[in-house]
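Presented below, as structure tokens, is a lone chain in the form predicted alone.
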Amino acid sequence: MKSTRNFKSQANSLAVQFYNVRKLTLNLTEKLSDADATVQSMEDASPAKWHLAHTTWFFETLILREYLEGYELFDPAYPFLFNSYYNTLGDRQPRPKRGMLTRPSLENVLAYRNHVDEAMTALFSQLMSEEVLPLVELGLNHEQQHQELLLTDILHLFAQNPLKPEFRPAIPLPVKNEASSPLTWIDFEGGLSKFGHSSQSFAFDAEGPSHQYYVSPFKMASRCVTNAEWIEFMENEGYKTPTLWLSDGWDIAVADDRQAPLYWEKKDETWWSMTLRGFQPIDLDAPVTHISYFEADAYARFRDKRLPLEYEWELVSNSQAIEGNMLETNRLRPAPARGQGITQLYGDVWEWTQSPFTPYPGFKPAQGAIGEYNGKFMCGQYVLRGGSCVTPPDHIRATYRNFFHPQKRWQFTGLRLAEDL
């Protein structure tokens, strides 16, 4: 049994983390108008106001209502408005209609956050039970996920506006004299190794249990595929050659008239794209981003390579420091690779793997609402690894398994190539 002193120390540490994570979310949204925070640009995206409220609902519903004696709901309508996909917790506003929530106002949502934050402060002042701390830690990591989702959703929203507004000032980013490191290939012997999360630190349930898996010898590209290399794919009829594509991917590419990554536009014979710093020229040496699994797979075939297995990616990551171009750099856009050997493993772009998002051997979802967090999504999606330029740096780790449907591309998703030895 843990000592009271150690338990209190953990609670104090979480209280500091709680303050920092909640403050960052507010900092990310402080310059948005009520209109900016209300509009929903597509069914996959959510309004910024909804992100602010939903992350607050998580603490209220799963922690405060259960563990803070005398806690009163801020508003009895909010559990319906801001539940996401937890069927065990009741009905909810349909996801495609979150943008219809013109009320409550952004001001009221911020008051809701303040109400819950004050209640959480009161809870931290108590000697909490052991079952509370893991829920708080989950809530903080949940909010960090939504910080990244919030930014990608804002980018999609602003990209629909003909004024092409800037989320942050359009500081000119270097697009010349910043050449990427040359692409090299690095051999890995593979073998039988342990994979998945096994330490006492936080991880989502889908990252475990730890288990053994045999990886055959393989080669991994030293860096991610660049925009310049992607343009070669485009200029060589990559989007018009059906033999490069999986059938479902080809059908979607044709139906949606996909001819370039999301947000790309030709302007005076030069490719530009919408970024969180406004409309800017494509950085040819930076990693290509906003591509679907289907596009990534087609590109790999174009180069006579393949996408890596998530086990290969994790094996390579074991020798890499968790550092890179992530949210704290404030670049808000992928950067060219630097250095020798394996680079860009963390940050810049989430890297598509060819691995479907399925349970690891021995995986069992938790009981109750928490069991709905990842387990029920283990079908029809593919694993991405490594984080992106808008991932909070203390949120990512080698075992982290992100996942999306293969046609999705509004996230900062890119690719790295691999091949068999």
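For clarity, every value in this text was computed on a predicted model and none was experimentally measured. For every residue, the number given is its place in the sequence shown, counted from 1.
Below, we refer to the form predicted in complex with another copy of the chain, which is not included among the displayed structures.
In the model of the complex, another copy of the chain sits within 4.5 Å of a heavy atom belonging to S33. In the model of the complex, another copy of the chain lies farther than 4.5 Å from every heavy atom of Y263. Using a 4.5 angstroms limit between non-hydrogen atoms, A255 is distant from another copy of the chain in the model of the complex. Interface residue remark: Y213 is counted as part of the site for another copy of the chain in the model of the complex, having a heavy atom within 4.5 Å. Shown here without its partner, the chain carries L150, W185 and P392, none of which come within 4.5 Å of another copy of the chain in the model of the complex through any heavy atom. Only one of the listed residues (L26, A366, V39, L68) places a non-hydrogen atom within 4.5 angstroms of another copy of the chain in the model of the complex, and that residue is V39.
With the partner omitted here, the residue from T270, S319, S129, N87 that has a non-hydrogen atom within 4.5 angstroms of another copy of the chain in the model of the complex is N87.
Here the chain stands by itself, but in the model of the complex one stretch of 278 to 286, 242 to 250, 323 to 331, 345 to 353, 242 to 250, has heavy atoms within 4.5 Å of another copy of the chain. Looking at 221 to 238, no residue comes within 4.5 Å of another copy of the chain in the model of the complex, counting any heavy atom.
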